[in-house]
Structures are given as C-alpha cells and as structure tokens.
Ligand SMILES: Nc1ncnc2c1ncn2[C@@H]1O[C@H](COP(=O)(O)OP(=O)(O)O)[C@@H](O)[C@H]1O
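Shown here is one chain on its own, the form predicted alone, set out as structure tokens.
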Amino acid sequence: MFKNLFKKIDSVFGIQEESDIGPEEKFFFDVVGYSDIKKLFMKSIVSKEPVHILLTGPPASSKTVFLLEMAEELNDAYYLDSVGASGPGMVGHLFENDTKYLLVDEIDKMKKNDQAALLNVMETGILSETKLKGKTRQKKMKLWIFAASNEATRLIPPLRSRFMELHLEEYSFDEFIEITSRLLKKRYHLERIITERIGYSVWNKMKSKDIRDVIKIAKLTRSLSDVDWLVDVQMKYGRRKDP
C-alpha cells in the first residue's frame, strides 16, 4: 500500500527520533498543521471499506498538498487535475489499471457526466462506460476517492452527499513558506534559501497562493537568479486574469 512511508522523513529531512513523530505526521509532513485531519486520512487509507473525503476551501489552504502527498506515497493511486484532464481519460485509466485510490483535484471542474460515473462507483462499486454504438463495459472495483474543490456547490448533490466534507482555511504567509520549503526540499533537493525565495516571489510578486505555481518554478530552478528570472517571465507573459 505505502511506497516509502517510514523512510520518508529520515532520508529527506534527517530526522532521527521517529518516536516523536506519528505515522500520519510522517506521511503528510509537507502539510503544516491539521494533525487531526492527517489522522483521519490515515484511518481512511487503511480502512477495509472505501472512504471518500472532499476537502473544500480557498486556493491557499493545503488541499492540493494533501492530494500530492498521497499521490507520491501510495501505491495504486491515480492523481487527476480536473482542469487539464478529460473524463474519458480518467475512466479509461480506471478500466485499464488496478487503481485503489483516486485523487481528484478541483473536482468541481469535472463535467456532470463524469461526476455521475464516480457516483455510480461510490454507490454500487461498479464502473460503467457506454461507448460508441451503445456498447457498455463494466468493472467491479473498490475505489477510495479523495478530492479537493474550491466550490463544492458545483458538484451534483448526490455525489457531494457521498463524501465526508472537510473545510480548510487559508494559510498564512509563514505557513506558505514552510510548506514550500518542505515540499521543494523533498522533491527537488533545493536549498532553504532558494525555496524561501520561490515562496516569497510566488506570494508577493506573482500574487499567487497556489502551491502548483511554486512547483512550476521549482522544476526549472537551480539558483536564486533562476527564481527571479522565471518569476519575471511568468509575470510578463503569464495568463491574464479573466475579465
């Protein structure tokens, strides 16, 4: 089930005293705070029966970080960003792979018919798809769904009712910097001075509180000058806000 749960902290952060940190804190180390929610997630992950959790709240509230942690640390997990992915792609992956944990970011952006497909799995344990010429295929599966949404009201009511819904508040600037530093040190082995510059620049210059913007910058960063240049390029040519 777990890829490297108990090696994670020691190998990346050099922490020696395992007894001081519970398994949920190790697993979700990149998430600052929310110890009770971390424990709830761990209980849900090891539950014998599927558990479905929906995290709601503003963009800067660790929702995506929770999902990214599970995507990296769990076997048989599939992460889906509903903004850039298609429903048929999701359904196709579930049919073709033995997926146990489906991690859906921005599930409120998912089309209604794709939401209905998830609802059917949650209610019946059967994944169904009707293809061209009316042909239907089905797959029986036990699927745990963990999702994040800014606007849960955009979900079809029956689907929303199947989730245990938890609301997260927006984190502070200091929490954003700490999350950025933990995540980027683990993923890209960047020095603290660089991770802090990335967090500061994304928050103050790009006026973004989205951890995904941090990751985009970090992937191309090797030095402080890289951070400044990449942020300048994003600010100059990046997507403009919708009118």
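Numbering starts at 1 and runs along the sequence shown. Here, rigid core means the biggest group of C-alpha atoms that superpose within 1.5 Å across both forms. All values derive from a computational prediction rather than experimental measurement.
The same protein has a further form, the form predicted together with this ligand, not shown here; the description that follows concerns it.
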(request) May I ask you to choose, among Ile217, Ile177, Leu183, Ile45, the residue with a heavy atom within 4.5 Å of this ligand in the predicted bound form? (result) Leu183
(message) With a cut-off of 4.5 Å between heavy atoms, is Lys63 one of the residues that contacts this ligand in the predicted bound form?
(response) yes
(request) Verify the contact flag for Tyr171: yes if a non-hydrogen atom of it lies within 4.5 Å of a non-hydrogen atom of this ligand in the predicted bound form, no if not. (result) yes
(message) With a cut-off of 4.5 Å between heavy atoms, is Leu190 one of the residues that contacts this ligand in the predicted bound form?
(response) no
(request) Evaluate Tyr34 for contact with this ligand in the predicted bound form, applying a 4.5 angstroms cut-off between non-hydrogen atoms, and reply yes or no. (result) yes
(message) Using a 4.5 Å heavy atom cutoff, which residues in 203-217 contact this ligand in the predicted bound form? It's fine if the answer is none.
(response) Ile211, Arg212, Ile215
(request) Take the rigid core as the frame of reference and indicate whether the C-alpha of Tyr101 shifts by 2 Å or more between this form and the one not shown. (result) no
(message) Is Ile53 displaced by at least 2 Å at its C-alpha between this form and the one not shown when the rigid core is overlaid?
(response) no
(request) Say whether the C-alpha atoms of Leu183 and Val32 sit closer together or farther apart in the predicted bound form than in the form shown here, given that their separation changes by 3 Å or more. (result) closer
(message) A 3 angstroms or greater change in CA distance between Glu72 and Lys219 is reported in the predicted bound form. Closer or farther than in this form?
(response) farther
